[in-house]
Structure formats: structure tokens, C-alpha cells
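One chain comes next, on its own, written as C-alpha cells: the form predicted on its own.
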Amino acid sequence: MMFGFSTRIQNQIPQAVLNICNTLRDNGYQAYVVGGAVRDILLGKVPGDWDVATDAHPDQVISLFTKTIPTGIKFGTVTVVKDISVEVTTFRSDGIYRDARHPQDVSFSTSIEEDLKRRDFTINAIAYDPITKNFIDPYGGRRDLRRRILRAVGDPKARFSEDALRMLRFFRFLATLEFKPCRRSLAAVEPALIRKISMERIRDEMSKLLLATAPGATLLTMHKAGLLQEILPEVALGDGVTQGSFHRFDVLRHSLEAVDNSLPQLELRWAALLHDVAKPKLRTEDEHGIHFYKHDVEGEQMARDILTRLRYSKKFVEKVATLVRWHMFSVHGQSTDKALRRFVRRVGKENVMDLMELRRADILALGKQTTCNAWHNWRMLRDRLQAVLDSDTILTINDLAIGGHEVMAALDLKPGPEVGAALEWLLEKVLDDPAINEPEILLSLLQSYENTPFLRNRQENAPLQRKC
């Protein structure tokens, strides 16, 4: 990481941003590159977004550029569209924050220092003038970047009470930048304030935090500060819940270790964090040891509740809940082909390798020495499951050689649940012996299906389901 290198930072600023700054300057206004872009360049990263601060008011900005979008006129923000979209915001000072999220009003200013004063952290309160090639850094943001310390601007209690989401952003930056917290800023966290923040905002910050390289330590710091209890009380309950001789860590720390050892995919990170979420609720102990019976089943529902509360999509919730439900799967490297096919059928093709990755992270999170034989078995199972996925093996109803129309004709049925039940019955037969997946064989099997108790009872109790 290098600092004071105006040539390098100048070379990384897109021409569109330089043109915007030059246009503003040519018309008598100030213009600075600010925020995360400056921070990221100083850290040797490639910025994802670009922001310009100016003393020009929104209407003046709009008059200077051909294509603009009034993204936040009330707060002084206009998006200028050139080769890229750049947010151009008027210097401002914020009024009173009555909802712990947004200022009641803002006042436009002519001072870049006044504008930087309202920002959250010192590393985000650095401005760069691409014309004079000078930094404006009144709060020592570059110094904190060198020391890798995250510090609030001014009074941290005031910053967090103004906008409670800043507390969660504090921990997100700790994780993603791998910084150390300023003690005074950490001590200023007031967990109850986060209740004023929408679940969607919390979800977005948690998603970014969990995708950090190794977020476990930050999540533990969040727990010690009391914020994890507010956001994920079910996870926080794992603190101090011991698991017996096979585990080095309690439930909470084991889950955080699993997160660190999982691949940086959001579904996997959430599954790792929640895979044992039901253990504190279900823990029992007797002369044979510590038990968590059916924690995978209970954990599935708890995962659904947690992620639904955080407003994740139904598809995302279903994926994570499925991984939590089946993380205790019993197939192994020596399982029969039939057992492996049934396993894939049960959990879904799309979840098989993710479950193997979750199992790998779970094993590593035991904190105990794992034998070479154990990893050999894990790799054997992974390879055999991959072979099943790569083969032409029939695993779903759609893979059957006949479909619903043939079943309805053979059994004289109208569309309804009986058709699906018959197809499921055929699939079970084919999973046992894939060679029978031929139209003639399946149709002949349906003759015996007519005599199953299920269909016979349905026919006796609901005769109108038959075709007329």
C-alpha cells in the first residue's frame, strides 16, 4: 500500500470523472473525488463506484451536463451519466437525525471540510482534488489507513446515534478491509439502536460482511459488543453451549469457524452460520454424552424464519434451509450406488456439491485433528457423487421415459395428485434399477400400481376422480 502518490491516483481516475471535475472547475465550482473511491485507491483496490463532491447546487449541476438523473435532489445528489454513472453531490451539513437513519433536513455548504465532517469513518472522509492533485484529510483518514484502524469521524456516539446503520457498517468494514477497531468507536456501539433500521438494510450489510475473506472474528466482536444478539439472537444463544469431546469450540464459535472455512458464496456462508442454530434449543446430556437430536430438522425451520425475517428472497431462503436440513446426511464413500442416487434425489442435484462443501467446512470447524482417512473418505464420496451427477442416471420425474399423459391414459385418471403419486412411485422403482427406464417396462409396472393400497383407497373414496 502506498500513500502520497498523486500520479498513481490520477492515473486510476476514469476520464469521465476527470471531465466532470474539469467542467465544474471551468465554471467556477469546486470539485473533489470523495468517499470509497479514494479509500480503495489508497488501499490498492479498484473502486466500484465514483463520487464527486462540489459546491455547485443540484440545478447548477444539471445545467452543466447533457445527461443527468435527479437521484437525490433533496440531499443534493445528481447522477451524471457519461461513459459511467457518477454521483455528484453538493457539499452539505446535515440537520437533526430524528429516526436514527436520515437527517430531517440538510443545508448546502461551500466548504469541503464541512462536508467531510458529516461522514461516518475517517477512511471515508478523504477528498482528492484531481486538478491540484492535493488531498483534503482533516480527520487523519490516510493515517488510519496506514495503521489499518477503523475510526468514526468525531464523536462516535454521535455518529452512531445519527444513523444506526453505521454500527453495522463499522463491523462490515472491519471484516471486508481486515482492519482493527478503534476502541473508542467500538465502545460507542449501542445495540438497541439497530432496531430502528429496516431489515432490508440490515440484510444488505450482513451479506457484504459474510462475504469477507474471514468474517468469523468480526462476528465474534459483534457478539461481544451486543449487536449480534439484536440481529441474530438465535445464533448468539450458541455462546457457551458446549458440544462434547469431538468439538473444540462451543456452538457459536464452531459456527463462526465453519463460516471462515466455507467458500465465499453467500448461500454457503449463511448455511455455515446457521447449520447448528437449533443446538442450544435441543441440547440434552446423559450418561452417554451430549446430544442434539434432530437439530438439523429444527434448524431448517429456524433458518427459514431468520432469513425470511431479514427479507431474503424465497429462492435464497429455500436454498439455505435445504443445506441446513441435510447437513447431517449419512451417505459415505462406501455407500451403494442406489443409496447415492436416492440421496441426490432427496436433496436435489443443485444442492449436492454445496452440501459436500458445507460438510468440509463443518469438519474443519471441529477444531480437532482430522485423520487422513477421514479426508480420503470425504474425497471418495465427493467424486462418487460427482460421477452420479455427470451420468445419465435418472434422478427426477422429468427423467422418466414416460410422463403424466401416459400415466393418465394407463390408469384412466384425470389430472390431479394421483398422477404425481404414480410418477413418484415409478421413480422409486427406477432409482433402484435405472435399466428399467423404458416406456414399455414402466407402463407394465403401472398395472401393478393399480393394486397398491394408495390408489385403491383413492378410487373407492373419490370415484369422481376417474375419467367419465
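The numbering used is simple: start at 1 and walk along the sequence shown. Bear in mind the structure is a predicted one, so any value in this text is a computation, not a measurement.
This next part talks about the form predicted in complex with a small molecule, which is not shown.
Proximity to the small molecule in the predicted bound form, defined as a heavy atom within 4.5 Å, holds among D49, E424, E438, D399 only for D49. With the partner removed from view, the residue among R253, R119, R304, H223 that has a non-hydrogen atom within 4.5 Å of the small molecule in the predicted bound form turns out to be R119. In short, of 36-44, 63-71, 404-412, 426-434 it is 36-44 that has heavy atoms within 4.5 Å of the small molecule in the predicted bound form. The closest heavy atom approach of R169 to the small molecule in the predicted bound form falls within 4.5 Å. N261 falls outside the set of residues with a heavy atom inside 4.5 Å of the small molecule in the predicted bound form. The small molecule is not drawn, but in the predicted bound form it has a heavy atom within 4.5 Å of N124.
Although the partner is absent here, F91 lies well away from the small molecule in the predicted bound form, with no heavy atom inside 4.5 Å. For the three residues D276, F316 and H327, a heavy atom within 4.5 Å of the small molecule turns up in the predicted bound form in no case.
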